[in-house]
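Shown below, as structure tokens, is a lone chain in the form predicted alone; questions about how it binds or moves come after it.
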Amino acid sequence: MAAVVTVQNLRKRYRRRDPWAVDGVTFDLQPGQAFGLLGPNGAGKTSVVKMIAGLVRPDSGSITLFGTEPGNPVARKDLGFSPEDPDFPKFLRASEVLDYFASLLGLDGAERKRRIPETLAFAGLDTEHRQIRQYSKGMKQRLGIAQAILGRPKLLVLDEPTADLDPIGRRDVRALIERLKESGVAILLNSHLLSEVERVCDTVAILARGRVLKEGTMAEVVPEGSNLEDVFVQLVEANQPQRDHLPSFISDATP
């Protein structure tokens, strides 16, 4: 079975004098598989996601998306992308936002009438009639996921999808991921919520400073008797400079 995404020796930096934001990252993602891309802030996760989505060009290496380049319109039509901090025109309502994205997808009137209400219901926004400017951050996150699944993607890229969701919202996203996997959709998940990743992902890659520290199936990465958070902390701390947890002026203070 052909991979949905193949990433080979990907490298990216934003200014010549800067260190590499992404440095030699390699992995592939199969249909029906959920892949977790993990790492501390600044590890390069979002840069990898943006390059796969065709929003940023790599400096070297290659990305194959559905057998072609990420920027190819053929590849883009099968890609759903929910960014970490989705932003929409503040004067629109949720149904109007989805109608706009439906027009970009080329959906006809009948498909819009069928998909938009179902998608809003999934996102818990079907009874919400306020403008986006009155939305909380969590509500915008729900709308971002809604627009990402509207086109029935073959690859769904979720950048911190549950960061601002309540427990019910996180449960709903987990259920969505499981249903999509069962239907053959590939999921690329970038998240700091390691307990969520451990519950839904088949394979993971842990990054630090743009490099992959460990990659494989969940069973290969997480030894029996341990958990993903323990493995993550051990790997990342071993690849970071040691630092005191408290400034000296605090730790040396006397009552």
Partner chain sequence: MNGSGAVARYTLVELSRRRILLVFFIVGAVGIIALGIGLKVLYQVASSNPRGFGNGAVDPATFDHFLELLFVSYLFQALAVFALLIAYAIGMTAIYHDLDSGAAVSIFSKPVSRLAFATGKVGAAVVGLIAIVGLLALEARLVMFLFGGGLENALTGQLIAVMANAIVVMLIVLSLSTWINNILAAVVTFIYFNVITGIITTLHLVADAGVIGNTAVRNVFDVLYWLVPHQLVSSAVRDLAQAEIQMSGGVQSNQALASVPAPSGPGDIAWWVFTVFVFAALVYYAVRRRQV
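Numbering follows the first chain given and starts at 1. Since this is a predicted model, take the numbers as computed values, not measurements.
Omitted here: the form predicted together with its partner chain. The next part is about that form.
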Report summary line: Assert contact residue (its partner chain, in the model of the complex, non-hydrogen atom within 4.5 Å, options 53, 205, 228, 200) equals 53
Query raised in the report: Which one, 96, 164, 178, 111, lies within 4.5 Å of its partner chain in the model of the complex by heavy atoms?
Result: 96
Query raised in the report: Looking at 99-107, 117-125, 180-188, 167-175, which lies within 4.5 angstroms of its partner chain in the model of the complex, counting heavy atoms?
Result: 99-107
Requested in this report: Examine residue 79 and determine whether its closest non-hydrogen atom to its partner chain in the model of the complex is within 4.5 angstroms.
Outcome: yes
Requested in this report: Indicate whether its partner chain has at least one heavy atom within 4.5 Å of a heavy atom of residue 135 in the model of the complex.
Outcome: no
Query raised in the report: Contact between residue 153 and its partner chain in the model of the complex at 4.5 Å, heavy atoms?
Result: no
Report summary line: Looking in the model of the complex, the residues of 139-163 with a heavy atom no more than 4.5 Å from its partner chain, listed in order, are 147
